[in-house]
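Consider the single chain below, provided in structure tokens and representing the form predicted alone.
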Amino acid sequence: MKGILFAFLGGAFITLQGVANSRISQGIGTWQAAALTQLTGFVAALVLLFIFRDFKRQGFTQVKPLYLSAGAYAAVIIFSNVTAIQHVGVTLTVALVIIAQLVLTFLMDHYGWFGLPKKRMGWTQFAGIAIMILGVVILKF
């Protein structure tokens, strides 16, 4: 239940962030909005880190270099979402983002990327993604 709640919150806040960034970018520019959002996110994460006292300095040295690039992905995420929202709207952007996430996670699970255990994918997973894509096509028209 806890996982479902946090997944729901994460999805809701991604949408809120995308809309807020789109509005901010209209005044200062898309990359400036991305930088501002990253900065405020960094500050918020630091504050929460100290509130929950979950700081483990030795953990930083154990992170694989490949995974250190994850924070940089956020800049691309923000820019892409802002640009998409401005061109196709919030609903279609979120639908396409979800499909992209599912397709990529499908490949990650299937091939065991990033050290994940490989999972066998069946026709039901393919059908689920196909139905979602069909739903977006219907939504668009």
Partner chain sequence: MLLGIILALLAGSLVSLQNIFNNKVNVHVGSWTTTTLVLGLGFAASFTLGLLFEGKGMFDLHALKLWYCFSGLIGVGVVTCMVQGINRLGPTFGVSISMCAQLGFALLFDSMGWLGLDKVDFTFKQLVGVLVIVGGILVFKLGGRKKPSQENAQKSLGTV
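Just so it is clear, the structure is predicted and the values come from calculations on it, not from any experiment. Definition used throughout: the rigid core is the maximal C-alpha set that superposes within 1.5 Å between two forms. Residue numbers count along the first chain shown, from 1.
The form predicted in complex with the partner chain exists for this protein as well; it is not shown, and the discussion that follows is about that form.
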| query | finding |
| --- | --- |
| Residue contact check: F42 to the partner chain in the model of the complex, 4.5 Å heavy atom | yes |
| Exercise: Y111 in contact with the partner chain in the model of the complex, heavy atom 4.5 Å | no |
| Residues in 101-137 with any heavy atom within 4.5 Å of the partner chain in the model of the complex | Q101, L102, L104, T105, F106, M108, D109, F114, G115, L116, P117, K119, M121, T124, Q125, A127, G128, I129, I131, M132, L134, G135, V136 |
| Residue shift check between this form and the one not shown, rigid core fit, A7 Cα at least 2 Å | yes |
